Structures are given as C-alpha cells and as structure tokens.
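Taking the form predicted alone, here's one chain by itself in structure tokens.
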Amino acid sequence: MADDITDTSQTVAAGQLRAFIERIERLEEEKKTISEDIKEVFAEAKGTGFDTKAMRTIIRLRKKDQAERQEEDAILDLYMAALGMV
C-alpha cells in the first residue's frame, strides 16, 4: 500500500512538473513572438528616419521613476566632471 501511495505521489509530481514545463515553454514561445514584433516596430521606425538607439534609451528611461532617473543623472554628471568631460 505504501508503494501505491509513493507511485501516486510520483505520478502527481511528474504531472505537475510537466505542466509547469509546458507552461514555461508556451510563455517562452510568446516571448519570442513579442520580441520579433518589437524588432519589426524598431525596423519600421528606423525606416521612417527615427534613431532607434535614442528610442531604446527613452523606453529604458520611461520604465524608471523620476527619482531613479535623477540619481543616475547625478552620478553620470559626477563621473563626467571627474573625467573632465563637462
């Protein structure tokens, strides 16, 4: 009887593991599709004449709150001043 319980537990655990793996695989596929879509949008923007490097910087900055951006800017200004770049 203990063997039956162990076998059942292993079967359930294997089923759960398989379900998690399959969910992750589906999400990875969706992520790949979204990544390809983003590349296409950047290519379209570049074809229109926009600077995609600047666009990526703006997107990265918009993800941060104002205090975080200000802190980064202050550190960057400090380092640039230390190197005589300003």
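In this text, the rigid core denotes the largest set of C-alpha atoms whose superposition between the two forms falls within 1.5 Å. These numbers come from a predicted model, not from an experiment. The numbering used is simple: start at 1 and walk along the sequence shown.
Keep in mind the form predicted together with another copy of the chain is missing from the figure; the text below concerns it.
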Checklist entry - For 18 to 43: residues with a non-hydrogen atom within 4.5 angstroms of another copy of the chain in the predicted complex? => result 18, 20, 21, 22, 23, 24, 25, 27, 28, 30, 31, 34, 35, 37, 38, 41, 42
Checklist entry - residue 56: with the rigid core matched between this form and the one not shown, does its Cα shift 2 Å or more? => result no
Item to check | Rigid core superposed: residue 28 CA moves 2 Å or more between this form and the one not shown | outcome: yes
Next on the checklist: Please state whether residue 78 has a C-alpha shift of 2 Å or more between this form and the one not shown, with the rigid core used for the fit.
Outcome noted: no
